[in-house]
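So this first bit is one chain, no partners, the form predicted on its own, shown in structure tokens.
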């Protein structure tokens, strides 16, 4: 009986556990204890996510109401197939990043700030999980702000003074995005008198011609596009990824933009309805060109970067473009490709940024010139970079290949062979900038007077290689991810109110 009661409260515990653990970390002055609490919390969140995935697959959508108030009067948490899928992505990355964090944080962040760092990281985790699980539009905004404010703080912990500038730039852009989003939600409330997203989806159906509804849609889309760094609203992202501590870069690159893409999918397909979005608002005429320009521009700019973290940041902008391209195709296959890439890109970018964190741990830099000859001195670390790079390019037997295969299938379904060629060309551009890293690391000698680096500690290498192996495993055994992404896409497009 007790176990059944516990299982019934898992949707609430998914958010409550990191929310309660965060202030506990702030009170724990021994920094190793704060790290232990944060790590244990992330594992609990992963266990809850796995259980929720199993429950949703077995019994369908879960609904959890607070205080006995049924929706739409009370706050409701909703876990459907898509939500369970994204909860799993976020909690999985957190569960691997936090064991990695202890040595990396000791190297990059002042000791007196460690407890506050883990507090902010758990608050960010809480906010991201809350965004995914909530069924209330205003509640989503609250969790969006929790995750954003904690992310600004996490970025500012970087020892490079440019981290403060990057954090401030993200603060300004993020605040503008949150304001746009809140204005859109406010307009929806004025129009319908409700904030529950399921109730909103029903009430806006007869209001499709309302200019207020059109305006709300535009404000929400622009606000979320700022958060996910859709071209040309991406200016905050390269500096944020490049100058944040390694743990922060790995975590937010793998989770934050993915959750923002989830919000776009949720509002387009579940709340407004894809017929309204694509037929009436002609969203594809906006998303498609922005996605194409973003993919090509970011891929080309990445080739010329000397800071490898900045190179991967521009690569992330291109990958965001791939996801938005899939959404803009308005098809089950296109949406499946986007949802697949949510998971797959989290794996590849998590592995790459964690490997670069191991490089920084040894030589104090991720400048391309400083990495010359490291392939022989740090074989496991640079091996992870190579494996992650192959996945990023889309080589067969990696998760990157699966994502791009489905995206090309979706494009060909529309008869757009030129776009299929673009996906292949930008994959070759990814080969160019990743080859620069491989060539420098393996075929150039160490610079005169450079630090003689040894292999990174096992606590950094082990989580990194777990993600690398996940890139290979889910690139070979695709049943789990394709089933989840395909079922979620079919439910979203087939389940319009």
Partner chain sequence: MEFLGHYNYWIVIFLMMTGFYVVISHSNLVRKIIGLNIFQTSVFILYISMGKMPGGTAPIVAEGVTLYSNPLPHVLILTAIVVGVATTALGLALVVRIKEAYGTVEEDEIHAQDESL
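The structure presented is a predicted model; accordingly, all values stated were derived computationally and were not measured. Numbering follows the first chain given and starts at 1.
The same protein has a further form, the form predicted together with the partner chain, not shown here; the description that follows concerns it.
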Legend entry - Touches the partner chain in the model of the complex: residue 211 (any heavy atom, 4.5 Å): no
Legend entry - the partner chain contact at residue 405 in the model of the complex, heavy atom, 4.5 Å: no
Legend entry - Partner contact for residue 296 in the model of the complex: the partner chain, 4.5 angstroms, heavy atom: no
Legend entry - Partner proximity in the model of the complex: residue 305 to the partner chain, non-hydrogen atom cutoff 4.5 Å: no
Legend entry - Answer range among 422-430, 81-89, 181-189, 389-397 for contact with the partner chain, defined in the model of the complex as heavy atoms within 4.5 Å: 181-189
Legend entry - Residues 46, 56 and 107 all lining the partner chain in the model of the complex, heavy atom within 4.5 Å: no
Legend entry - in the model of the complex, the residue from 370, 115, 270, 167 that sits within 4.5 Å of the partner chain by heavy atoms: 167
Inset, instruction - May I ask you to choose, among 411, 195, 366, 204, the residue with a heavy atom within 4.5 Å of the partner chain in the model of the complex? - result: 195
Legend entry - Heavy atom contacts to the partner chain in the model of the complex at 4.5 Å, residues of 120-159 in sequence order: 138, 141, 142, 145, 149, 152, 153, 156
